[in-house]
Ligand code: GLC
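First comes one chain, alone, set out as structure tokens in the form predicted alone.
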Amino acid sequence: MAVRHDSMSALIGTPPAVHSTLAYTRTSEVEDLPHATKKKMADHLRKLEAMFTITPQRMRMIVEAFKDTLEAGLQKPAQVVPMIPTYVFGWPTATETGEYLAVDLGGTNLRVCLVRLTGGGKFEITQSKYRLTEEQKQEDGQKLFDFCGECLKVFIDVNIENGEITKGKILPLGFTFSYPCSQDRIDHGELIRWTKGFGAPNTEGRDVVTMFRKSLALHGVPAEIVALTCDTTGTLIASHYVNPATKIACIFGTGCNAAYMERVGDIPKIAHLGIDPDAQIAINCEWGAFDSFEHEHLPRTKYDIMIDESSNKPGEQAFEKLISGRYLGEILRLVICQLIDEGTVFLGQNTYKIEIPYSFDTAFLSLMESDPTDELLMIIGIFTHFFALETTLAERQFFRALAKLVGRRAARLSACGIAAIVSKMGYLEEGCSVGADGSLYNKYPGFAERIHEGLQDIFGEKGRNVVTHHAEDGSGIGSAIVAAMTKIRKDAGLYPNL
């Protein structure tokens, strides 16, 4: 049983978060504004259903293409889906113990953790979060890591004061960096490309561990980076630590990714390293890049293409742009904007607020889908409070149905990715557990159920053998366990240069 302690939630150089409460002023129909008929809204919905619905046959075709892409990534480097060997060897034994630091540079926050592994699948964690500004995501990369070092120094100083950390002790650190990196050892990683909206210059092509070590030295931080990992690999290790049936881990949040354990002999691109072919090594798929550039397999709509072309990485991260939390709200907003341009919705109203790119948060879709109230009061609240727009009942019903279409497509495509690994590894007959984490999986109504529905559409009844569950904390607990496993391995002289 994990014991979790949340310590301070700190901000350095950033304003405090503002929490808003949805408000609405009326629940009746808007009789004094022109609006579309229910029939016209139904006609639009039918067209959108045809665009966003993925049949079981199409899903199976995507799975086959996905499997081929995964295999290509294992064969040789520099493939679209890079299939990165993480140099995390084998599964944890649940006998790992000790104190470890974990730092997670995520898509929204920087998280710093002190983890005590007590053995037997148990642990204690103390943590703090620091909000990242949009400016920090785009400014010079070394400044971004300097901010991380500054936050870690503050965290350690506070925990020395309260007795959680012994003064003068240098703690091993697991660094969770959830962006695609090429690794030739576990404490090294050259950033291939930024994802999740990051664009910090002078970082791509450089070793992020070297950059972070420089920042730790700048701030005099008593920590030694032992392992670089991503949140997905950490999730795989942490989930297996407490549930040994776990064979795959997935993240469905601001970004999307998967990790699993592969036999070294089935990874031709690392044959030259002389590792035992029967050894197991965790693979960080970075599957958000599936079908990038060529766009041959995924059913992209015109709205998806608009998002891609206006993004900071056109052509890249094709799979991620269809299913991740960063983009689902924007997909729905673009549909609404087209209906505004056609004179279908919000007639006679000022729509400038909703015409701002990315102003429609994916969290709104979640609220819209979960709204069980008469006349969909939550949707009234979203549109009046955030966009100063009045809605009719027909519009609200349409928006809720549209949110379901976008969310269901994301879940079914997510199922395709899981099915590709399950099929490739031969897990279907005996079944397997998939540790899943991220805001979409955890908070979006029905997302997990739709993944399971998708797996059954792909595999038939045997799809029930593949079960997802809420994963353990990969970027905190998992990163610490990876650091512990690495220290044990190197102390034993096993592949010490990896």
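Start at 1 and count along the sequence shown; that's the residue number. Computed from a predicted model, the values in this text were never measured in an experiment.
Only in words, not in the display: the form predicted together with ligand GLC, which the text now covers.
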Could you confirm whether residue 325 comes within 4.5 Å of ligand GLC in the model of the complex, counting heavy atoms only?
no
Residue 180: touches ligand GLC in the model of the complex, heavy atom cutoff 4.5 angstroms:
yes
Looking in the model of the complex, any heavy atom of residue 414 within 4.5 Å of ligand GLC?
no
Residue contact check: residue 320 to ligand GLC in the model of the complex, 4.5 Å heavy atom:
yes
Within 4.5 angstroms, counting heavy atoms, which one of the listed stretches 205-213, 252-260, 305-313, 138-146 is next to ligand GLC in the model of the complex?
252-260
Of the residues 237, 102, 227, 230, which one places a heavy atom within 4.5 Å of ligand GLC in the model of the complex?
230
Note which of 246, 391, 86, 195 lies within 4.5 Å of ligand GLC in the model of the complex, where distance is taken over heavy atoms; exactly one does.
195
